[in-house]
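In C-alpha cells, the next block holds one chain alone, the form predicted alone.
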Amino acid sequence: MEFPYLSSLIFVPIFGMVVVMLLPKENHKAIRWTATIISLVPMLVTFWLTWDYFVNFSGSAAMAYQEGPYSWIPSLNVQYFLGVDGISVPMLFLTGLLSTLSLLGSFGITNRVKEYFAFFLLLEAGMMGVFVALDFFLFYVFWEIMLVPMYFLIGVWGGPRKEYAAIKFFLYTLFGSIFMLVSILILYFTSEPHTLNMMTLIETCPTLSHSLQMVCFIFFFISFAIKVPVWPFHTWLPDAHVEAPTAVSVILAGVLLKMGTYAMLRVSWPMFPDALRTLSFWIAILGVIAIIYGALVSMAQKDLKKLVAYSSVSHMGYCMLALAAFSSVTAIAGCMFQMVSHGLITGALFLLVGVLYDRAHTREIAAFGGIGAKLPVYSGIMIFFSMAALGLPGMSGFVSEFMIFVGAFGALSKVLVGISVLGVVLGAAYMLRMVQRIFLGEFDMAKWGGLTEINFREIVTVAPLMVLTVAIGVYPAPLSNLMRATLENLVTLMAR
C-alpha cells in the first residue's frame, strides 16, 4: 500500500496541535519550536509531491495520489476521498511553505503562546484538507474547520479592534457557507444515486436543467466570492488584515483568499458550464471593478498594512477576470500563476510590515521617511517585493498579469480588458508612492534613530519567497508544465 501522503498533510498538523497542547504553557521556547518543526513535515511532503507530480504526472489530467473513495457514512453515501491534480499541487506547496514561515515569524508572540500555536496548526490542517478533498462533505468540513482557529487568532491576538474584525470575518464566511451547503444539498438530492463525490458530479451536473445550474452556480459563487474576496463582498478583508497578527495576515493573503478561486476552478466552473457561459460577462465586470477599485482605495491609504490589504482586492480581481475568460487556457493558467505569485509577494509584504511595526509600533506611512539610510537591508528587501507587487518584468507578478491580459483579450470584451490594464498603472502609483514616503527623503534621527535592522530569523522567513518570486518570473516553464494538462482538461470540461 502506498504511503498516505495526502492524509499526512491533514493529520500531522492535528497531531502537532495535540502535542503542543500537552506541553507546559510556561515553556514558550519548546512550544514555538515544536510547532515549527512539526509543520516542517507537511511542508516537506508538499515539496516532494510537487516534484514527483512534475516528473511523473504532469502530462496527465487524472487525479494523482488518490486515497479512497472509502465509505465513511454509508447511510448518506459520504466517502473519505482525497486526490490532487495540477491545480491543487501548487496550492499545497504554497500552503506548506507559508505555514512554516508564518510559524517561524510568530516567535514574537508572548501572550497565550500555547493556544496560538495550537490554533495555527489546526488552521494548517483545515487549509490542506480543502485542497485535497474530493468529497463535498469532506470539503465542507475542512472549509468550516478553518473558521474556528482564524476567528480566535484574530480575536485574541489581534489589534485594538480585534473582536469586531474577528466577528465580521466569521459572519461573512459563515453567511457564504450557508449558500454552499444549500447548493451541495441540491446536488446530492438531484443525483441518482445520491452522491457527494466531486468527480462524479463534474460528469453529471452539466446535464441538469439550465435554471438549476444557475441557482447552484450563483449560490456557490456567493460562497466562494466572499472568500476571494470579490467586490462587493470584500469589506471583511481590510478589517481582518489590519487587526490580525502578522503571521495570520500572511496566511489570510497567501492561502485563504486562494481557496475561493481554487474552489471555483474545482467546483463551479466544470460542474455548471451553461451557467458559466451565461454569467461570464458579469463575472468579468466584477473582476474589473475589483482591479480598479482596490487600486484606487490603496492609493488613499495612510496605514501601510491597509494599503497591502486593499492591493489584494485589486490583485485578486485579475484572477476573476481570468476566470471569466474560461475558454482560454492561457487566461486560466494566468489565474493560477497569479494565485501563486500573490501568495508569495503579498505574504512577504505582510511579514515585512510586521518587522517594521515590531520596531516602530506604528504603520502610518507619513510617520516615516528616509529609513532606507538607516535600514538598508530591510529597505532593499521591502523595495524588492514592492517592485514585484507592481508587476516589474523578471518577477512572478509580471508573468501572471501578462498571461491574464493575453488570454482575456482573446476571450472577453476588449474594452473591459483595456480598462483592467489601468490597474497596472495604478498599482505602480500606490507602491512607488509608499516606497518614496517611507524609504526616501530626510531621515528623522531623533524619532527613528533607535530602529534596528532586520534580524536573521526575519530574513529566513522572506528569503525563500524572494527566490521563488524571481525563479517564477525568470523561468515560468516548470510551473506552467506542472499545470498544463489539468488546465487543458478543465477548459474542455467548461466547453461542454
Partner chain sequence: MEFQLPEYNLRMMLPEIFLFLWALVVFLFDLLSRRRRESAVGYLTLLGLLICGGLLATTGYGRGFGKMFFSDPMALFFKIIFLGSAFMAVGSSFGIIKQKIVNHRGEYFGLILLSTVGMMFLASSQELLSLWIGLELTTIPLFVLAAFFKDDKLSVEAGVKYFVFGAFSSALLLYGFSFLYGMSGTTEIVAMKMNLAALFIANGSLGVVPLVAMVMIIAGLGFKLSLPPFHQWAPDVYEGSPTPIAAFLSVGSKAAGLVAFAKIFVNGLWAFWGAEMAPNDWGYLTGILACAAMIYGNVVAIRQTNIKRMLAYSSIAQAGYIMIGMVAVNEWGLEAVAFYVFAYMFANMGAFAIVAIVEDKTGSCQIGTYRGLSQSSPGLAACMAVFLLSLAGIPPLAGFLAKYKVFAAAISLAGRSQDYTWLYWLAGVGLLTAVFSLYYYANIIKQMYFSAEESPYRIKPNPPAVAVVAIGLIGVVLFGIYAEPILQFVKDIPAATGVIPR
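Positions refer to the first chain, counted from 1. Quick caveat, the model's predicted, so the values are computed rather than measured.
The next section is about a form of this same protein that is not shown, the form predicted together with the partner chain.
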4.5 Å heavy atom contact, G155 to the partner chain in the model of the complex: yes
L181: touches the partner chain in the model of the complex, heavy atom cutoff 4.5 angstroms: yes
Non-hydrogen atom contact E144 with the partner chain in the model of the complex at 4.5 angstroms: yes
4.5 Å heavy atom contact, A166 and the partner chain in the model of the complex: yes
Location of the partner chain contact in the model of the complex, chosen stretch of 266 to 274, 382 to 390, 336 to 344, 67 to 75 [non-hydrogen atom, 4.5 Å]: 67 to 75
Among the candidates L196, V313, M91, L323, the residue which, in the model of the complex, approaches the partner chain to within 4.5 Å (heavy atoms): L196
Selected contact from F233, F409, Y140, F402, since only one has a non-hydrogen atom within 4.5 angstroms of the partner chain in the model of the complex: Y140
Site test, E115, L174 and Y188 vs the partner chain in the model of the complex, non-hydrogen atom cutoff 4.5 Å: yes
